[in-house]
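Just the one chain here, laid out as structure tokens, in the form predicted on its own.
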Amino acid sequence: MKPAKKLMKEELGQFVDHLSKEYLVYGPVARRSDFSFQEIDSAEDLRFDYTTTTIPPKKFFHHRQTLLRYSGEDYSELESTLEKRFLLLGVHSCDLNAILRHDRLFTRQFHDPYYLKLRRNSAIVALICTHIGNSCFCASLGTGPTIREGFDLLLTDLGNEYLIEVGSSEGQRMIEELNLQKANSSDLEKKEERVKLALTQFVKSMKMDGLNQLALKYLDHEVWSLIGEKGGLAGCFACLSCGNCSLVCPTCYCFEVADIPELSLNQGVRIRELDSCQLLEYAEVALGGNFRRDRKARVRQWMTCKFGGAGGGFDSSCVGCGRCINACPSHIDITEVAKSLRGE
């Protein structure tokens, strides 16, 4: 790894301006009561003190895409409207781990050209998380608050300056023209102190060892009825099957493909967009059959996928960001579900 550098906080504006010459820069900004990744016009818009954004940065790679336009029997694939490469600035370790999972997923058996085109057109400047939210539990899964791979640059807030660590040749090129001071051993020690302090701030946790097997073994466990039909688990109500958890989850990848015709019915577009196993129509087949008609079965499917017992082929598809807890109108807490499966 290249020697680390230091960026003074008053130089952040120059840094963003420098990046904007080559990239469309997106970063966390305040939006009403929460945060969102938006295009950055000025460093003053950035909020590096955020915990999580409402929608994860996966929205730039896998959210809603127009695949082609058709007219009669002819069709044409649509090119990306982005003229420049884009850069995600200030991505936390949980979200970066989720992106890395998608990288493996969409190249494992078949290479997804739509996802990979956007990924090749992107760069990532990660940010070590030092502000832990009440719903965060990434430390339990080893997906935060720090990360060691997958980024081009990694920033750590040291107080008056940012420590910058290089993770790729592209990241090195980003800072070559900047006259940055070299970091020393005390700066790296400050980073470790910040990480250790962040680890003491977590109030939620989830034991992952063997959780995938437990979820598959106890398909008739009482917890599935409690959260799917009755409510009553740790103060939660019954699941509404609204799909919020899938929408905000950084690792959910299921999608549907649909043709959207114009009024003439002779032309239109084909799109793909995120789908959710929580929706009634997700598992519906011809003649009205449905493999998961009950909410109990749908919420069990989603939880089992997060625990690693279904879909994705990973030990766990959860990265501990806590968004599903925050977004659930029924107050269902995935960490409490895990405890119930373990009999805790």
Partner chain sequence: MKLRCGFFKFTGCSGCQMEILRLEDELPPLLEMIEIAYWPMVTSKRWEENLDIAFVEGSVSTPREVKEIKEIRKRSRHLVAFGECAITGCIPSIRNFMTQSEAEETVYEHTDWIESIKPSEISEYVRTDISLPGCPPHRNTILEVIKAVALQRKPHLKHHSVCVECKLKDNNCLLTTEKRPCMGPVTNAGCGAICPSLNRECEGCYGPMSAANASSQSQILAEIGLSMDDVKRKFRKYAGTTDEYRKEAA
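Only the largest set of C-alpha atoms that superpose within 1.5 Å between the two forms is called the rigid core. Positions refer to the first chain, counted from 1. What you see is a predicted model, and the numbers here were worked out from it, not measured in a lab.
This protein has a second form, the form predicted together with the partner chain, left out of what is shown; the following refers to that one.
In summary, among the residues I175, M208, L247, L116, the only one with a non-hydrogen atom within 4.5 Å of the partner chain in the predicted complex is L247. Here is the short version: of A297, I55, A310, L67, the single residue with a heavy atom within 4.5 Å of the partner chain in the predicted complex is I55. For the chain shown alone, H331 is a contact residue for the partner chain in the predicted complex, at least one non-hydrogen atom being within 4.5 angstroms.
Interface residue remark: T51 is not counted as part of the site for the partner chain in the predicted complex, having no heavy atom within 4.5 Å. The partner chain is not shown here, and in the predicted complex it never comes within 4.5 Å of any heavy atom of E44. The partner chain in the predicted complex is approached by A258, whose closest heavy atom lies within 4.5 angstroms of it. Checking 91 to 99, 122 to 130, 137 to 145, 262 to 270 against the partner chain in the predicted complex, the stretch whose residues place heavy atoms within 4.5 Å of it is 262 to 270. Contacts between 16 to 47 and the partner chain, taken as any heavy atom within 4.5 Å in the predicted complex, involve R31, R32, S33, D34, S36, F37, Q38.
Core-superposed comparison between the shown form and the other one: the CA of Y70 exceeds or equals a 2 Å shift.
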